[in-house]
Ligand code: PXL
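Take a look at this one chain, the form predicted alone, written out in structure tokens.
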Amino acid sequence: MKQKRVVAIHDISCFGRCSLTVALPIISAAGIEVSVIPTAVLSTHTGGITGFTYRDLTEDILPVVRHWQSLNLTFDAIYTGFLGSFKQLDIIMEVFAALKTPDNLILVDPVMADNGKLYSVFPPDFPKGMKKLCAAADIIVPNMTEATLLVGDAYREGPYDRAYIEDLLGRLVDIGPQRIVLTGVYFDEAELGAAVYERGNITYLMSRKIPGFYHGTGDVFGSALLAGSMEGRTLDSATDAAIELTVESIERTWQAGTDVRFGVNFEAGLVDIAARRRRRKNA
């Protein structure tokens, strides 16, 4: 079978497991070729760490894509994460237009906020620009904060009820994407998970809640979700596998007492991704 190929458009944090340093190994472990367009290079990620270096790569994005076009390269999926400016949002819309085919998948993780707050690097109107990008996506993966910003609502603390989650999903569908995985959903303090919307159906997939806040988990989840989708799983199944990898990564990190700013230990789970792929191949 022809090997599938994904382009991941994220920043590179040289230390602190997130963005491309997470997406590359997780998607590759599923047997998928990963090409990258780095949007910026940082010495570390920005969560809880100060004094980091930052090199903007906005001007390099379209030249990379034009070179790829000259080589007639095609991609089975386009996966976007952290984008640092309105200019990058506009450029990625051009990338979508250049690389979109009738069959490939666009997955947008609208990375811009968490815990009820827009990231400090973004202006207040940034969600309006991100909304346009989400409108062009096949799948979006917002957390609860990002979802409320996309629909123009004030953030609301959980626990939530199903009526609220389902109304929020309906408003996200109105933006354009017809498949949505909403993360950070919980109905009590024991479990945390995701609500999956696909073709009018909503599924809730939950797992145990582990104390604390861990950086990079959204990138672990989104990368595993894309990998599962490219393997031919249903969106529910891909989400379930992504939750499993994310929770296990958090649990290993929690048990080891690792500084939460350093990201989570997803690496120990890569062998399981590869093993599942072999089992499916041999089935």
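Everything numeric in this text was worked out from a predicted model, so none of it was measured. Start at 1 and count along the sequence shown; that's the residue number.
Only in words, not in the display: the form predicted together with this ligand, which the text now covers.
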Answer option from S237, S28, T258, T46, heavy atom within 4.5 Å of this ligand in the model of the complex: T46
Heavy atom within 4.5 Å of this ligand in the model of the complex - residue from F82, F75, F126, Y197: F82
This ligand contact at V111 in the model of the complex, heavy atom, 4.5 Å: yes
A241, heavy atom within 4.5 angstroms of this ligand in the model of the complex: no
Contact label in the model of the complex: G216 to this ligand, heavy atom within 4.5 Å: yes
Proximity of I9 to this ligand in the model of the complex, heavy atoms at 4.5 Å: no
In the model of the complex, segment of 111 to 119, 176 to 184, 159 to 167, 136 to 144 with a heavy atom within 4.5 Å of this ligand: 111 to 119
Any residue of 1 to 38 that, in the model of the complex, places a heavy atom within 4.5 Å of this ligand: D11, S13, C18, S19
